[in-house]
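This document starts with one chain, in the form predicted alone, laid out as structure tokens.
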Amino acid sequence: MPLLDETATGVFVIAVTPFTETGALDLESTDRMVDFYLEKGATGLTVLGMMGEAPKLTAEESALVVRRVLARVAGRVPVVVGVSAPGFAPMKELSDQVMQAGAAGVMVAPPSHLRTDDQIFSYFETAAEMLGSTPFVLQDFPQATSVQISPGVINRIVKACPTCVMLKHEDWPGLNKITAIRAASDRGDTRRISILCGNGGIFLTEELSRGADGAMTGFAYPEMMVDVCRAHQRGDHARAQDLFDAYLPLVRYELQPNLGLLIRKYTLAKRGVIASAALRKPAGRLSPQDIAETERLIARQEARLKALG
């Protein structure tokens, strides 16, 4: 599989990590999940992301999950692996392991203690040096990291670090950030990198219109993101918006802090993708009311899609 580069487009689904009811890794469900994402049109997969419960895995389990996904993908699409860590040594160790196993690139988020522009730039410059030739995704998710990265700093990192090939954009509000970054590359101030967006896809149509190349996020119906991106790419923006609107209530509901992954896993289990909706502890649980609301939204979504045709 070729390495990740600036031309990446489409939908890189942030994969969940399936567990059994007792909290053990469920590798059979992992295989089924990979097949499901590819059948729904994913152009790439991202594992060990924040919504993949990566901090709850041991180093050995992380490596096992990556190898299992890569074996099942069998080179059909690129796989990006989250390698963010408190220090550069464990980041480099995991990065070297996954790249040797066949990953296409890695994803790096800034640690929460960074505050100034120079601190942020220095961190990613050092990360690029540590990762060597490995292409990396800059994850910009201030709601989770508390690190605010301006368009100017992102452009500065892109200029200084040729291996920074993609921005995972999750700022909110952040549409003007996409506009500013695209304007800089259009002027020739920086090279054009891929921009894939997160936040559960809740602003996907607007992000595509601002110049994003697709999505790198999770949703229990990844076919929505795939179909929206395809419609937008062929210029059928009305169809893209209609499709998005049909799924929007569930997208919104799944985006709830602390409950989102529970809802996503519940729906994936309902769809037969994973055997159990369990999260590894510590984890909350859905109330009967949460489940009833999810079921109601799914039923209404199916009715809207049927009417849409």
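For every residue, the number given is its place in the sequence shown, counted from 1. Here the structure is a predicted model, which is why all the values come from computation and not from measurement.
The protein also exists as the form predicted in complex with a further copy of the same chain; that form is not presented, and the subsequent description refers to it.
Q.
Give me the residue from Ser185, Gln97, Asn199, Thr179 that has a heavy atom within 4.5 Å of a further copy of the same chain in the model of the complex.
A. The residue from Ser185, Gln97, Asn199, Thr179 that makes the contact is Thr179.
Q. In the model of the complex, which of the listed residues (Leu27, Leu57, Ala63, Leu279) lies with a heavy atom within 4.5 Å of a further copy of the same chain?
A. Exactly one listed residue reaches within 4.5 Å, namely Leu57.
Q | One stretch from 186-194, 80-88, 132-140, 223-231 that, in the model of the complex, holds residues within 4.5 Å of a further copy of the same chain by heavy atom | A | Contact-bearing stretch, as computed: 80-88.
Q. Is Asp245 close enough to a further copy of the same chain in the model of the complex to count, meaning some heavy atom within 4.5 Å?
A. Yes, contact at 4.5 Å.
Q) Does a further copy of the same chain come within 4.5 Å of any heavy atom of Gln241 in the model of the complex? A) Looking in the model of the complex, residue contacts with a further copy of the same chain include Gln241, since a heavy atom lies within 4.5 Å.
Q: May I ask you to state whether Thr163 is within 4.5 Å of a further copy of the same chain in the model of the complex, using heavy atom distances?
A: Thr163: no, not in contact with a further copy of the same chain in the model of the complex.
Q. So in the model of the complex, does Trp172 come within 4.5 Å of a further copy of the same chain, heavy atom to heavy atom?
A. Judged by the heavy-atom cut-off of 4.5 Å, Trp172 is in contact with a further copy of the same chain in the model of the complex.
**Q.** Heavy atom within 4.5 Å of a further copy of the same chain in the model of the complex - qualifying residues of 218-232
**A.** Sequence-ordered list is empty.
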